[in-house]
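Heads up, what comes next is one protein chain in two forms, each shown on its own as structure tokens, labelled structure 1 and structure 2.
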Structure 1
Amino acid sequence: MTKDLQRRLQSREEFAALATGADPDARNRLVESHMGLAWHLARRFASGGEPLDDLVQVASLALVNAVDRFDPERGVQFSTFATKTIIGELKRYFRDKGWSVRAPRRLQELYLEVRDAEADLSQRLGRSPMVDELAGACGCRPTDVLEALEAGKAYRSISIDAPSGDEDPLADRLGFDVDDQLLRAEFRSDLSP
């Protein structure tokens, strides 16, 4: 008997014990035996700028949910079901927590698609692709591509205290000019009664 077949049979026995309630520790053993999968999938998403520890935590919770929801009678291997569940949770985490300014889900997903298409087309064409070319690759309108690219600027923001090249931080440059309209607004509010 191969190790893979032995592991599958053991998982089936564990899920049967979990379903009947005969073994209260079956759930813990199932989660622990598949933690390597959660770590592997979390590492795949680690290049997205989020801390690996946070991604492992999200993947681990998704693994627990997968164990709780898995139905062995459906004829699907647990690792397949768990992989889809974990990847879905990791994508949801990036969609909900990764953006500095919340953009609609449609734009977030389109931005990721446009970004991938842009990298692919740049490689194939040897130049930056035009908006029409990106729209064709993504199967959407050019205005949608422009909207997605604009939304992509909201993915990461910088602090106004961060230095910007040779200039002073933006915070040091704000509010130094006197606004003539502000003084006039005060006069208008005083004179309006």
Structure 2
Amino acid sequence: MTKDLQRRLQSREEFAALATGADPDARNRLVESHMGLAWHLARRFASGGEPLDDLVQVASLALVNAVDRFDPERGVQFSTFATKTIIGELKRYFRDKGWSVRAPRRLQELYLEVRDAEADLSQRLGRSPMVDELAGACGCRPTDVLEALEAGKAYRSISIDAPSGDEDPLADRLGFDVDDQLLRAEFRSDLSP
């Protein structure tokens, strides 16, 4: 029996124990045995610029919620349900954060408009909207919607003192390659009567 299958069967038994209340530690064991999933997904979202520890915390809380809300009778694997729940919480976490990178004002406004339209259309249609439906609602082109959605993910900012591969930090390199024109302007200024 593969480890994966073994783990799935074990989860099924744990949920059965949780449902009957026969084993009070079943909930803890279920959370602990899926913490790797929370870590894995948090790492996938870490490129958004938020500290990994914060993302792991969000993902872990989502995992606890998933364990509490999971209904084995629905015939879905717990890992599938937990993955969707954790991803949803991580996305919500990013949506609630502001920009640390300044996106152009036009894109910021369009992103807010697209986000409102997405919520409104999801409510009205009972499903997530298509890109062209969002474009129609916002009076813009589908490519503008895609651009705005990407701009909404522009949270990442890096300190200029952060190490940069094999090179020195950006702060140490700024101004290193002297602009010839600027140098000439300085010489002219120094030599002026």
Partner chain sequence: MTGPIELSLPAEADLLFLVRLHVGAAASRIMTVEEIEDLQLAVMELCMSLLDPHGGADGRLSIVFTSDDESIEVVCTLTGPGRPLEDGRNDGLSEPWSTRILDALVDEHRTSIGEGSSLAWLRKKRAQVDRR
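Under this definition, the rigid core comprises the largest set of C-alpha atoms superposing within 1.5 Å between the forms. For residue numbers, the reference is structure 1: its sequence is counted from 1. Being a predicted model, the structure only gives us computed values, none of them experimental.
- Between the two copies of this chain, it is structure 2 that is the form predicted in complex with the partner chain.
- The rigid-core alignment places the CA of residue 120 2 Å or more apart between the two structures.
- For residue 78, a C-alpha deviation below 2 angstroms is recorded between the two structures after rigid-core alignment.
- If you fit the rigid core between the two structures, you'll see the Cα of residue 90 move by less than 2 angstroms.
- For residue 187, the displacement of the CA atom between the two structures, after superposition on the rigid core, amounts to 48.2 Å.
- Here the rigid core is superposed, and residue 141 then shows its C-alpha moved by 3.2 angstrom between the two structures.
- We note a C-alpha movement of 4.2 Å at residue 111 between the two structures, with the rigid core held in register.
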